[in-house]
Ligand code: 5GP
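Only one chain is included here, represented as structure tokens and corresponding to the form predicted alone.
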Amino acid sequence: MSEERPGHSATTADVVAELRRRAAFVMVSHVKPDGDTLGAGLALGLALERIGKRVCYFQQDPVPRTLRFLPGAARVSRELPKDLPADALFVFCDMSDPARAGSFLPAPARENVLDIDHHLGNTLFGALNYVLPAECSTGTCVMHLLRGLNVEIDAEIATCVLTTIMTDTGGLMHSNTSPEALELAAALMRRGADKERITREIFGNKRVAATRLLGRVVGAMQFGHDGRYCWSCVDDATLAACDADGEDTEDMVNVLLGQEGVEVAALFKAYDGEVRVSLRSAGRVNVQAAAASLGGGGHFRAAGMEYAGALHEAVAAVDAALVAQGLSSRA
């Protein structure tokens, strides 16, 4: 594999040529998987299998309840085949840094790494890096490759790609819902993508525990900077009181952002021995830059991080990082 110039994304033609050249692949999802990392990997993996390639799917954490409907999701494992060829290509989907894959994945040689992503601040850690920050999801990056491979987009592949769009645009509500994303979504539905099931499994059909937990999160909301900043916390005790788990916190930060007058929202998740933070912006404050200053990453309006410290320290550090990006009280 020939490496592209440092700091540059590979061309679609370069990546397609490498996909055709290799015989075996490992699709890698990040920890705490979402619909984009898993859907993108499954879509590309299923397509490669259609043209005779060997594919397996690595993910350190279990498939979330809301994503088990995805075609191929039952094949995802934290174990790699013992007879995996030495030149298998590891395809990291939706990760700006390989550490996001977790500690269970043996580090592959860089020449066997393809990095497919749409995040700002991607570290270009692969021998080939296909990073398209203008795309609304990693799944839409994958679509360029599928076209280059000239693989038929069947209902299974279409459902996986549409899931990436639906999850990363918040059900086509976020500002990254471009005309191109809407056009692609329509084309995928014509190919058989099951939008009704995606909507039901991911955005509807909430567990009672999740609804109870949302009530606790909303009840604990705090506001700062003259109401421009809203934040709340979830900890082990809160989860236990609601008979909930970490999966039930999905999308709750968007509820905080939706409060009147709020420009930035943060949900602090202090459980399982970690402190994680989800950040959202209405568009004026760059939460990706704020997260990056604390070791995280993401997009201008949606980002996150893990914080190595106590919860109260995380709250103070995030506030300071947001202020550095322009969050302020009203004049």
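All residue numbers refer to positions in the sequence shown, first residue = 1. Remember, predicted model here, so these are calculated numbers, not experimental data.
Unshown form predicted in complex with this ligand; subsequent notes refer to it.
- Interface residue among Ser96, Thr238, Ser232, Thr169, judged by heavy atoms within 4.5 Å of this ligand in the predicted complex: Ser96.
- Only one of Leu67, Leu46, Val262, Ala302 comes within 4.5 Å of this ligand in the predicted complex through a heavy atom, and that residue is Ala302.
- Not displayed here, this ligand is approached by Glu306 to within 4.5 Å at the level of heavy atoms in the predicted complex.
- Heavy atoms of Gln59 never reach within 4.5 Å of this ligand in the predicted complex, leaving it off the interface.
- Looking at Asn286, you'd find every heavy atom of it more than 4.5 angstroms from this ligand in the predicted complex.
- Mapping the unseen interface onto this chain, Arg228 falls outside it, with no heavy atom inside 4.5 Å of this ligand in the predicted complex.
- Shown here without this ligand, the chain has only His119 in 111 to 128 lying with a heavy atom within 4.5 Å of that partner in the predicted complex.
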